[in-house]
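The form predicted alone is given below as one chain in structure tokens.
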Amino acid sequence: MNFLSNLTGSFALQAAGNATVAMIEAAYRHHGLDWRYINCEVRPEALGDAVRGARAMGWAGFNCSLPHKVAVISLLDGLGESASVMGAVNCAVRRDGRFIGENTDGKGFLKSLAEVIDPAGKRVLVFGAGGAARAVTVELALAGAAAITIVNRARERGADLVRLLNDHTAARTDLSAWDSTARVPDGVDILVNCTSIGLFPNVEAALDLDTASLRPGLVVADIVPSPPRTELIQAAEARGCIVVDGLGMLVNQGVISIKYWTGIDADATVMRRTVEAIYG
């Protein structure tokens, strides 16, 4: 039996971690894999012990969530391309006895987005500049997005992300101050909410966005998985936009992780049904 784990940083993250456990274990059962995936709370000062323990026990890998995504890097043996660019890891994979750090956050989003649009050559508007935005925008840039505009309240944090993308990718990236109600400029192909606005329990919260600027055919994606139909998704649908909910990103992160660990192409339908039952 092979073991994997999610090294959760705090009790506040365990609800999402438990949904991931249920989803991944449902895939293992469906494919007849004698594997287990467990959720562990690990204090920051114990992260090194946890990683050494994973090595000693021969684990195939593990996920890690905040606040471990950066600190874990010094404990690993190498990084994948996008994880190296964004400077954050959420998935460790044992390869030839070495733990290699990957980041499936942005990859999961990209796989979900690809079901409705290819980002290559497209202009993207992204709300937020935190860890999720960093993961999503790096993958969009590496997938060939032509231009990315970051919309963020904190100018310094937004500027840091803009510099990262301009320095390490070919996407033209700029910053738009979010000091008033935002509008979607003409020419934007894809809008992505990478903030936690609308996340349960604050389900009635909405982006400070003029929804009249959402035009039919615009692709609107929200990374918030709970609830799947956020205020943004509902407003976008009402305006004739093509929508991508946060469950797709969550499920596809799991699909990609399972592929890294086991070599199996997991059935995303089984996994989505599991999280739909949890998140409603």
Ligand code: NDP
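Computed from a predicted structure; not experimentally measured. Numbering starts at 1 and runs along the sequence shown.
The next section is about a form of this same protein that is not shown, the form predicted together with this ligand.
Within 4.5 Å of this ligand in the predicted complex, a heavy atom is found for none of K111, V162 and V220. Across the options 153 to 161, 76 to 84, 166 to 174, 113 to 121, residues that bring heavy atoms within 4.5 Å of this ligand in the predicted complex belong to 153 to 161. In the predicted complex, at least one heavy atom of L250 sits within 4.5 Å of this ligand. In the predicted complex, this ligand lies farther than 4.5 Å from every heavy atom of A147.
Taking the partner from the other structure, this ligand in the predicted complex has no heavy atom within 4.5 Å of any heavy atom of V138. Remark: C64 does not count among the residues lining this ligand in the predicted complex, judged by a heavy atom distance of 4.5 Å or less. Exactly one listed residue, out of C91, V192, A88, A132, brings a non-hydrogen atom to within 4.5 Å of this ligand in the predicted complex: A132. Only one of the listed residues (I100, L199, V184, A71) places a non-hydrogen atom within 4.5 angstroms of this ligand in the predicted complex, and that residue is L199. Along 72 to 107, a non-hydrogen atom within 4.5 Å of this ligand in the predicted complex is carried only by D105.
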